[in-house]
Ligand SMILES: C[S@@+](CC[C@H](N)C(=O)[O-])C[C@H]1O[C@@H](n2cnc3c(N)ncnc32)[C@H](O)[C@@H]1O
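Take a look at this single chain in structure tokens; it is the form predicted alone.
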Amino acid sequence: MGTWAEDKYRLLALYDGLFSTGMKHKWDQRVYIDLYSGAGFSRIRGTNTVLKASPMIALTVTDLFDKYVFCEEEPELMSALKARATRLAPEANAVFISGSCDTEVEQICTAIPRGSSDNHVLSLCVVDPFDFGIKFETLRRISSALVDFVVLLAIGMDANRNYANYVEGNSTKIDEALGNRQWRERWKDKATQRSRFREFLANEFSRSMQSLGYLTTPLHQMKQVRSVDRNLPLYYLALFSRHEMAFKLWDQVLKYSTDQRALWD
């Protein structure tokens, strides 16, 4: 993993902390869901630097979530995650689901506590895949509960390298990530520069989330992360929520990431 991952994990740590503490007295249960959990830690490529990845970040917030749901496809990574989570946060109420989040989505949904008039449940789902291989149908099914999503849209180098295959070829990867096939017509209608393809896909994903009842997430509310060495756009980190309060917290995270001042200055 490249040094750009430090930016991603710093932003996730900020938002996890604000969410878990800010929602503590507003909801009966706060649930953290991680669809691509990994082993819990990540090493920066070519260095000895090891960072807390999203699961460990969530397990070390000041105010623990009431429940954690971790999904990981690789057995070795899942085994390592279980051991580390038990060691780091033995008091956490954690469920570990082995397998792809796309094939195990029903198990994930079952693990989310059901909300009711006397049990208000709010979940935060982190979606951090290696590429733009998200299955929108998976997010749609999870969104049947009251869930906010923080999604890494890994469309930087992928969109550039595979542009022809996505736009003119037979690949269904973007169709599945966006949950529709009409995006090609909208892209061609724009008759814009290829360099704007990344922005277009990010906006299209926001459009798809709107179809599920989520508020609009415009491009300026997404954090674009670039490579350190060549300053190439790698991905957008974006929040999707049905509530304005979530975006007030997200704006604080974006402000910090922009000016690098202390969050509460």
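Predicted model only: the values in this text are computed from it and were never measured. We number the residues from 1 along the sequence you see.
What follows is about the form predicted together with the named molecule, which we do not show.
Interface residue among 69, 202, 225, 53 relative to the named molecule in the model of the complex, by the heavy atom within 4.5 Å criterion: 53.
Taking the partner from the other structure, the named molecule in the model of the complex has a heavy atom within 4.5 Å of a heavy atom of residue 9. Although the partner is absent here, residue 175 lies well away from the named molecule in the model of the complex, with no heavy atom inside 4.5 Å. In the model of the complex, at least one heavy atom of residue 100 sits within 4.5 Å of a heavy atom of the named molecule. Using a 4.5 Å cutoff between non-hydrogen atoms, residue 65 does not count as a contact of the named molecule in the model of the complex.
Comment: 32-40 is the region of 202-210, 217-225, 234-242, 32-40 lying near the named molecule in the model of the complex, near meaning a non-hydrogen atom within 4.5 Å. Highlighted residues 148, 150 and 251: none comes within 4.5 Å of the named molecule in the model of the complex, counting any heavy atom. Contacts of stretch 115-143 with the named molecule in the model of the complex, defined by any heavy atom lying within 4.5 Å, are made by 128, 129, 130, listed in sequence order.
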